[in-house]
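Just the one chain here, laid out as structure tokens, in the form predicted on its own.
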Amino acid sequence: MRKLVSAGEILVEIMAERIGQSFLEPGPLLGPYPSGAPAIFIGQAAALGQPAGLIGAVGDDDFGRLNIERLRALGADVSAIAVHKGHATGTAFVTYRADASRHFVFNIRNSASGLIETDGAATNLLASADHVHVMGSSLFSDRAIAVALSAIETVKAKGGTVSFDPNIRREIMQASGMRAALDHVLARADIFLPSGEELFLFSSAKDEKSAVDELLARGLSCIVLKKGAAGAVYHDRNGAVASSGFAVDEVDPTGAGDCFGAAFVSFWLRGAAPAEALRIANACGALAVTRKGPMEGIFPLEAVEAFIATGNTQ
């Protein structure tokens, strides 16, 4: 099977226990949980049996070891995750508001993640890659942008493909060069995986169909618009395919979109029909929200197929 690679932040997530809990005063916390959008993506892809590896950096600490061991256990290639003494693994503290929105406090750029580079191990991993997946959240510094763009060009030069999930976080949107980098990645992408209103960040259109048509005209092979619990819609030049979500009790939404994207891209790389790829992706996204912690709801393909067999669609 074709190998996919991603590059970017690796961190632990620590969560406020109570809804509406503020970080302006002491309160109970849960975690640490292994996390980072590209790490979640690669972990889910590997769990589905897709060859998958990650370029990134962690500190020589318990948080770094937690992430590497989790990814290794899921079957991911961790050979290009650098371990840096004297630097701490990245962190994300998250609290949930009463309206279900989330507030993050990140330490990514100034953590070990900020030392990401295309070193010898990363070069070797890319030599075996057929596909690169880019997360918008991974374009958090000039250095991280350089790694992502280099990976794209390396894989594109040998006929490979690229997928792009904007995964915009308000807390890091102001990073130097991020907007230009987002546009550059989109211009090189084959698959575009926006969530909801992210579609309109890259289009001047005011309605969904016009935005999709405008973006497809720029050369994308397909657009997969994620709609949360409602499912997702696949668009290409031949039309659209909609797929309903699955009914589950939500515990924690963090990582659901990353798991969805990993499943869709993995099955797209296997040549699956859009409806089949969406079915697996929606199931992975639904399962992801049933556990507390971004990577705790990652399941292997057999478990995903068993869940689908229950038929609990929205």
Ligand code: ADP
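Start at 1 and count along the sequence shown; that's the residue number. Treat the numbers as computed from the prediction; the structure is a model and nothing was measured.
The discussion below concerns the form predicted together with ligand ADP, not included here.
- In terms of contact with ligand ADP in the predicted complex, the residue from Ala256, Ala47, Ala277, Leu269 that brings a heavy atom within 4.5 Å is Ala256.
- Taking Val265, Ala57, Ala286, Ala37 one by one, only a single residue has any non-hydrogen atom within 4.5 Å of ligand ADP in the predicted complex, and it is Ala286.
- For the three marked residues, Ser195, Phe246 and Glu250, a heavy atom of each sits within 4.5 Å of ligand ADP in the predicted complex.
- Contact check for His87: no non-hydrogen atom falls within 4.5 Å of ligand ADP in the predicted complex.
- Though the partner is left out of this view, Gly231 does reach within 4.5 Å of ligand ADP in the predicted complex, counting heavy atoms only.
- Looking at Asn282, you'd find a heavy atom of it within 4.5 angstroms of ligand ADP in the predicted complex.
- Contact check for Lys227: a heavy atom falls within 4.5 Å of ligand ADP in the predicted complex.
- Partner contacts here mean any heavy atom within 4.5 Å of ligand ADP in the predicted complex, and among 231-239, 155-163, 123-131, 78-86 they occur only in 231-239.
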